[in-house]
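What follows is one chain in structure tokens, specifically the form predicted alone.
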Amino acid sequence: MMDMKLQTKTKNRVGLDIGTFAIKMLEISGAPDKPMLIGMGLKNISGPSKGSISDSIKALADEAKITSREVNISVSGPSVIVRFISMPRMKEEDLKSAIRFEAEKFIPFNINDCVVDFQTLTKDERENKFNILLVAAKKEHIKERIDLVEEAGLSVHIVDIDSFAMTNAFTRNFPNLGSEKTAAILNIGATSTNLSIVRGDAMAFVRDVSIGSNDLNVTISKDSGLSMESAEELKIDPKDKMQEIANCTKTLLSSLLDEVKLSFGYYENQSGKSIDEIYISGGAIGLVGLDEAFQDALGSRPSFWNPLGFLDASSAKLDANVIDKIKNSFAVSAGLVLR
């Protein structure tokens, strides 16, 4: 969506997802119809400083044996604004000129401090309007991300948005979803949850909810007296403490699902369409009681999907068990390599 630097294309493509606590990297090659997985890896960030993040990126690229020095990255958070707007139909060159003026009505930042981009989603013949996806991101935020990558000895090809990348990966994995079916996709990251609603292959709603899997770890840690690392392990494999984990995370999960329910309601009121299916990915999908919580709050159990399902991993020199263990955390990276 947001092409910041367009350099000579390489045969291989790399998606680099720089999270709050961990970095995910994915490399593919081959024909677009059946790309091959070349390398992948996940690494916890060694510290909060910019130097630590860059060092972690460099170390992960080496450990995962990433061959391309050019990567696609993404941004999210309060410095990124996504809006769905309508504008009168006009010539493409006129639309490009008008969009920046129109954007000032929807963006709570100084427009001169932002990178603004847009995509025409549909044409409303009856109303003679364009339905447009408008995106703005603070230049400073984007520059910080690019600097981190360049300090790690890599270069940036494309800057995207986390939710867009996640949605790209989803629609690639589910090309036959059906034009009349509406799906909600949630990627539960460390500090936030990316939420996207698609109808067929068209994006219809995007939002980030500021609750993530690390919040669940904090709750488990406080309730159990365990370290954050032990809380993470207990969250995924509670053994004989399943009920205790379900009880202590219930309130936080309810808060997350209340926000999701509000988003569903907004979309349904605006579109007149209901959510047919829910799909989730991310590091928290192993949480005990997660699907039951969705059923109770939303009346539907979610499907857990594999972001790497569209890739041919047969030639990758990777342990299949390792891939299976970490694959759910690669929704953003998988979407980035498709750009």
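Residues carry their position along the shown sequence, with the first being 1. Being a predicted model, the structure only gives us computed values, none of them experimental.
Omitted here: the form predicted together with a small molecule. The next part is about that form.
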Residue (of 308, 287, 278, 64) lying close to the small molecule in the predicted bound form, criterion heavy atoms within 4.5 Å: 287
Proximity to the small molecule in the predicted bound form, single hit among 197, 188, 137, 169 (heavy atom within 4.5 Å): 188
With a 4.5 Å heavy atom cut-off, would you call residue 236 a contact of the small molecule in the predicted bound form? yes
Please run the contact check for residue 24 against the small molecule in the predicted bound form: heavy atoms, 4.5 angstroms, yes or no? yes
Though only this chain appears here, would residue 232 touch the small molecule in the predicted bound form if you measure heavy atom gaps against 4.5 Å? yes
Though only this chain appears here, would residue 74 touch the small molecule in the predicted bound form if you measure heavy atom gaps against 4.5 Å? no
Tell me which stretch of 188 to 196, 77 to 85, 119 to 127, 219 to 227 has a heavy atom within 4.5 angstroms of the small molecule in the predicted bound form. 188 to 196
